[in-house]
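Okay, so here's just one chain, in structure tokens, the form predicted on its own.
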Amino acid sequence: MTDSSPVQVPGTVLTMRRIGTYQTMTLVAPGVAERFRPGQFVAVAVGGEQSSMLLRRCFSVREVKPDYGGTVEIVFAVRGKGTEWLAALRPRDIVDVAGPLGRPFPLPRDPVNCVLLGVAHGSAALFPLAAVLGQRDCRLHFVLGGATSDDVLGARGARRTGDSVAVATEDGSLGSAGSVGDLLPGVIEDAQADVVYACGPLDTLRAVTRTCTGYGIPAQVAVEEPMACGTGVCMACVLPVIGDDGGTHMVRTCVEGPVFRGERVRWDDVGTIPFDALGAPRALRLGERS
């Protein structure tokens, strides 16, 4: 059995490519690829050894391969100094990589009809999942979206591997004008979906969960909550989630997630500590009673 515990290794940059508005980086990261399961992520140190940027950057994994001893491909948008530094790397440069981290997607035991929904570069996590689901003879129906056609990730690959692909862009430059949430009910009905796997912003995941609840099917969602450390130390990515005991727990997206059952997340309370959460500050509980 493969050891599933994460490792921290020096990763060698193999390739850097642009896809639409995103940057992709393939790293040779021995030990990470063979441990990886769909839905997990990696945390990459940025800025070099003398950098003042102490926090790692966490990224979904788009693809793993056994090549060169194990390669991992990540996709990211350049949005700050850390990702600017990463985007400037060149083949043979070395970065510190920790992974795989987080809780993966649960997988069905039998072939089922799956809808895979993703927005922007968050869609990256869907593709290793699709590869595994395909090996289990599941039918795959993609719903992909973004602000513009350049922001939609993986539409071509989805057409190669999926049984159907629906695309929505906010400006209508590719597929339907609107959001992926607009397309989801029709795809669920046409596909006779048994489960929806989703990655994207919180508002999208909230809408996906609401739609799935209406159809009585499970939503497995990979939350894109900002993670400062990626290992559960800093507690910066906590969410209110209903546990198996029926109580609300403040859990870490990076350790107890990033994958959750959608109906277990208290979406309307994200960013707060609900008064009835286990371990909530006493003052909040007393204030709620008064």
Partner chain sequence: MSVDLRTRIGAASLPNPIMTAAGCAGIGRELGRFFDVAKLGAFVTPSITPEARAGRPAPRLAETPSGVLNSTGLQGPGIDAFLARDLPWLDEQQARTIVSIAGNSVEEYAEVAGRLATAPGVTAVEINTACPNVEDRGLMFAAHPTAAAEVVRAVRAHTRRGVPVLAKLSADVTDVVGVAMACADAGADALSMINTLHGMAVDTSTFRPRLAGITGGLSGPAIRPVAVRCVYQVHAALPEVPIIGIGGVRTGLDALELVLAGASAVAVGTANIHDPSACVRILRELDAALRERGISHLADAVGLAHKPAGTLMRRIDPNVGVAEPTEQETLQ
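Residue numbers count along the first chain shown, from 1. Not measured: the values here are computed from a predicted model.
The same protein also has a form predicted together with the partner chain, omitted here; what follows describes it.
Only one segment in the set 45 to 53, 260 to 268, 63 to 71, 25 to 33 has any non-hydrogen atom within 4.5 angstroms of the partner chain in the predicted bound form, and it is 45 to 53. Using a 4.5 angstroms limit between non-hydrogen atoms, Pro281 touches the partner chain in the predicted bound form. At the 4.5 Å threshold, heavy atoms of Ala155 stay clear of the partner chain in the predicted bound form, well away from it. By the criterion of a heavy atom within 4.5 Å, Ile19 is excluded from the residues contacting the partner chain in the predicted bound form. Heavy atoms of Ile242 never reach within 4.5 Å of the partner chain in the predicted bound form, leaving it off the interface.
Applying a 4.5 Å heavy atom cutoff to the partner chain in the predicted bound form picks out Ser5, Pro6, Val7, Gln8 from 4 to 23, in order along the sequence.
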